[in-house]
Every structure is written in C-alpha cells, then in structure tokens.
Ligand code: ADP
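Below, in structure tokens: the form predicted alone, a single chain.
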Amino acid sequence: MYSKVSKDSCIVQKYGGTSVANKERIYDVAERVVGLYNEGWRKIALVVSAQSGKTNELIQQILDINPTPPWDAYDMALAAGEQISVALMSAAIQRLGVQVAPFLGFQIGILTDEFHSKARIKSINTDPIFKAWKQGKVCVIAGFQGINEANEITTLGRGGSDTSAVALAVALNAEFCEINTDVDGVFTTDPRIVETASLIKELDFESALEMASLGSKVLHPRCVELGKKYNLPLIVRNSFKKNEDERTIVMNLDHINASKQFELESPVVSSVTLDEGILRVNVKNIKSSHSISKLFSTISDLGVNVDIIIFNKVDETSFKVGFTVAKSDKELVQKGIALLKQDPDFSDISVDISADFSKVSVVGVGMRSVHGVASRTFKALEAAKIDIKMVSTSEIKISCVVPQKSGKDAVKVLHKEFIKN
C-alpha cells in the first residue's frame, strides 16, 4: 500500500479503541509506525481513540455524579479518554527511538460548532503539525475532540475519531486516510450474524455512506461524507494483521473502465445492514399540517436527526406522525416533546416512544438499473413471517423497520436472497 506512495506524502492513520486497548497492542502500533518512519516516511500523523471501554466508563462516572450534567462538563470528561491514549502512544513511540509531538484537539486548533457531544469540525490549524514534522517528530493526535469558539472542549459523537482522522487528512492534503480497526474491512453484512459474509475489497462512496448511516459500524457516516466531498480515499484495515491486501478501499469508482465498472456493479445488492439502535416515535392528535413542520423543526433545533417518517391524516382535524431516531437521542426527543406540549397546538398530543424495533437495509448501486428489488425484499421477509412496520427507499437502498427480535433473522434472509447462501 505505502510502496505506491511518495515518501514526501503525508501519512494519516487512525487507530480505534481496540487497537490501543492495552500495553501490547499499543506497542504493536508503535512498532508499525516506527517501521514506516525508519523506511523514510517522515510526515506521519496518528489519530487515536480512547482505549476500548474507556469512554463508556467516563460516561458512567459523570452520570453517577449527575444524571443531567452540564454539556460542557460532560464533554470535558469524555475527552479525557483520548488524552490518555495520546500520552501512552507517544511514550511507546519515543521508547522505540523516534521523537513525538503529542497533541490534544485544542492544541492544533480543531475548531468545532457549539453542539456538545455531537460537534462538527469547522477548521483545523495544521501549522503545529508541519512544525513538528520539520523537527523530525511523529505527531500523535487525540481523536473525537475539539474546541468551540467559547473555548470549551467539545466531542464529536459516535465515530468521532474516524471523523477527526479524515478531516485531518483533508487539511493536510494526504493521498488517503487509513482507518485501522479490529475487522478486516467492510463486509457484505456483519460476519457475526452471517458466517458466509465476505469482504468487500472496493466500495464506492455512495454505498459506503448508505451502509454507514444504516447501521454498519465499521465507518461513521460523517467520515465517509468528508471523504466523498473531498474525493479522499479511505482504507479500512485490521490493526492486528500484517497483510495489507486484506482491506477495503472506499473511493470514487467513476474512473474505472466500463467492463470493470460492470463487474463491480453486477451484484444488485452489495450489502445488508442492521441497526439495532433506533427508536420509533409515534405522535398522535396533531391539530394541523402546519404543526407537523413545527414538530420536526423543534426536534431538529435540538440536534436530532430524524430518519424514516410516516404521515397520516386521521380526519379533518387530526394528524398522526411516526418517525425513527437514534436511541442516543431519546432524551433530546423527550425534551422537544416537552417544549411542544407548552404550545396550544400540541396540548392534546399523545406520544409513544419504543425501542423494540430494528432497521434492516439492503444497499447497492446496482439497484439503480434493476427493477423488482423492493418486491423481492418484501416477499423474502413475508415468507420468513417477519413483520414490516415502516419502509424507506432511495436510489440505492431499501430500509425496513422490523420488530427487534426479528432483526438478525431479517439480515440472514435478505443476505441469502440477494448475495449468497
């Protein structure tokens, strides 16, 4: 992989929580990095996550003190996990004979918006990194965190270290961003659910983005969005394996010739995803269609992303709406509903929030030119006696909300229907 990259190029690697989980794994990463450095690549930037389980531990600690902590304090606590990883990785690399420059988010000016726990990056100051490289140092950078204009520490939410790494690679004009994790790459579905799931060697940005947003946990949607926006290839590989050919590269495939493109797009469906982290929200007795727009603007203003929406007119004076959100946004949705109930237009609404559902999706660019994918999806689930509660479609995906108890079975059924036995 690196044999094709100029030694004057910037190398940006991200290592997830399992990759830095203990002393042995930290040294494995450090040895790999020092190996690259000694072979002549001198512009290396590592982005590290908190050690596996550390972020959850920090969340639990602060919630034990205060179930509703101030958001600035909450982010300050969570950011400590990456600070520890930066310190440990820097110590390991320096012990192996290479000088390091450890950086937290604020030290390289990772400026974000004001939204705590799900901040978005606005800019990065790369000057300290280039200065460290001129001094012959490897840069080790905390993922997942930044600082807002009020000088408060912010965190980027789930997958934040992936987003940090890709944003940094863009800012440094790197040729690609390498995401190191505990799996070989992106698979046709979760191998823990379907043993015959296979590694996808090459994947277009569109499919990768759909898969990430639909529950595939290998890449976060925001990092794929950045890669697509700036045409920056993403290489997903296993931290614990030396074979660098066993990986997934996510990139723009438009340049591939027609015969190769046909070969890549020949599967109608390239993957099946499962998202067990959703909530279904039903709101009844809404008085007007105008009130529906107010409902979603209130939810949106709190930073909640709404996914599948179903809208029904019950009678001349009453509407009902069903929609899905991430489980992690439950408290924000409840806060939005509480605000709405203070409005006379919402005084009579009834709300049901349920976590007893999963979302299973089929994804593939081949769906653009093939008819009947929806009917095959519904027939396969119906034959397996799996109820479909909500449906959402786009050019390259079909998503079905099903009872949570049926989620894994739905994945097996659809993987068999579209990909392989």
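Computed from a predicted model, the values in this text were never measured in an experiment. Residues carry their position along the shown sequence, with the first being 1.
Same protein, other form: the form predicted together with this ligand, not shown, and the subject of what follows.
K.L.:
For this chain shown on its own, do 109, 126 and 165 all sit within 4.5 Å of this ligand in the predicted bound form, going by heavy atoms?
P.N.:
Not a single listed residue reaches this ligand in the predicted bound form, so no.
K.L.:
Do residue 72 and this ligand share at least one heavy atom pair within 4.5 Å in the predicted bound form?
P.N.:
No, residue 72 stays farther than 4.5 Å from this ligand in the predicted bound form.
K.L.:
Verify the contact flag for residue 340: yes if a non-hydrogen atom of it lies within 4.5 Å of a non-hydrogen atom of this ligand in the predicted bound form, no if not.
P.N.:
Looking in the predicted bound form, residue contacts with this ligand do not include residue 340, since no heavy atom lies within 4.5 Å.
K.L.:
Using a 4.5 Å heavy atom cut-off, state whether residue 268 contacts this ligand in the predicted bound form.
P.N.:
Output for residue 268 is no: heavy atoms all beyond 4.5 Å of this ligand.
K.L.:
Give a yes or no for residue 216: in the predicted bound form, does one of its heavy atoms lie within 4.5 Å of a heavy atom belonging to this ligand?
P.N.:
Yes, contact at 4.5 Å.
K.L.:
Just one of 103, 205, 323, 187 has a heavy atom within 4.5 angstroms of this ligand in the predicted bound form, so which one?
P.N.:
Answer to the contact question: 187.
K.L.:
Heavy atom within 4.5 Å of this ligand in the predicted bound form: which of 194, 283, 183, 299?
P.N.:
By the 4.5 Å heavy-atom cutoff, the listed residue in contact is 183.
K.L.:
Spot the stretch among 309 to 317, 117 to 125, 224 to 232, 173 to 181 with residues whose non-hydrogen atoms come within 4.5 Å of this ligand in the predicted bound form.
P.N.:
Careful reading of the contacts points to 173 to 181.
K.L.:
If you look in the predicted bound form, which residues in 15 to 30 sit within 4.5 Å of this ligand (heavy atoms)?
P.N.:
Result: 16, 17, 18.
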